[in-house]
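Taking the form predicted on its own, here's one chain by itself in structure tokens.
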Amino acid sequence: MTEQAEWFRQLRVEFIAAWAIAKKDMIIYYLKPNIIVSGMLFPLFMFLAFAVGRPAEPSVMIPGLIAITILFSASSIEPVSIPIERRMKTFDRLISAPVSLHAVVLGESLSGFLYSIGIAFVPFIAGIVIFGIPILNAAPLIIGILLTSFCFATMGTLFASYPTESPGDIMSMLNVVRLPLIFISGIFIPIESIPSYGQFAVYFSPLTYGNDLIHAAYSGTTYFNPLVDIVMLIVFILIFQFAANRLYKKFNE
């Protein structure tokens, strides 16, 4: 067997392992009460708390609701599943399995990614059926949902690397990051209206670029060039994946 053929064989094994991990999480954790609350109900109630009474049109608010839903749903699976599996000692067996750590991180991220895409359809369908909001350009919507979902799923996997058996510990740390992201990403406050001292932080939020792409599907305009949004989301994904691999290796040596 040539070196190239061996590389492709190993790559196939890694993807099969990653999918098996994702499928395991889908079967066990998708209907957990804390997943439903943190991934579905919490972003909805939070959005309503800030959106009700505002003069903004539904075509402006629905993209923001989609972005917030993705943020919370994509990053909610791993912070629950991994600590529980640490407590049950099944995560140790997963780490010691004959697959690379990359496959483990990818598999855990895939479960949050797929969950988030499914949940994102709820506000998307509501926008069409209830409010009759047209989609001007489907491409940025699809790309924005896919990249943003995987980005925050990977972020959830990164935070879940913290060696604890309590999901609450990770959720507390995660919310310290998730909540500020909402207010510096142009969802409730347009980026151009954010005070000058907060403008700098806008560029360091992956939600900024995801929301910008999703908003473009409804309005036809973006704050950044769509290519910039796509590149920055990919950069954040790579950073989160790299950091997650390093931390899982460090905490499980």
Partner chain sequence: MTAIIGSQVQIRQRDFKDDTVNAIEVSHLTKHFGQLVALNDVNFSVTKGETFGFLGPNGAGKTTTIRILTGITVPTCGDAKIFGKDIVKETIAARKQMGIVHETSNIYTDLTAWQNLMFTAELYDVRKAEREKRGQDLLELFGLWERREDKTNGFSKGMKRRLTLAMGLINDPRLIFLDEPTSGLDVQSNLIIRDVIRDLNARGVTVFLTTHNIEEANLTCDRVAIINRGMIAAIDSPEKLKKTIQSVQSVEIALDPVPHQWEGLRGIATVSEVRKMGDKFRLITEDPQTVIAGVMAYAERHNTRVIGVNTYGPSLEDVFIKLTGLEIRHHGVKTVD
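Positions refer to the first chain, counted from 1. Computed from a predicted structure; not experimentally measured.
As for the form predicted in complex with its partner chain, it is not shown, yet the points below apply to it.
- A residue is said to contact a partner when one of its heavy atoms sits within 4.5 Å of a partner heavy atom; A20 meets this definition for its partner chain in the model of the complex.
- Though the partner is left out of this view, I27 does reach within 4.5 Å of its partner chain in the model of the complex, counting heavy atoms only.
- When contacts are judged by a 4.5 Å heavy atom cut-off, L146 does not count as touching its partner chain in the model of the complex.
- Heavy atoms of S166 never reach within 4.5 Å of its partner chain in the model of the complex, leaving it off the interface.
- Of the candidate stretches 116-124, 90-98, 158-166, 173-181, only 90-98 has residues whose heavy atoms lie within 4.5 Å of its partner chain in the model of the complex.
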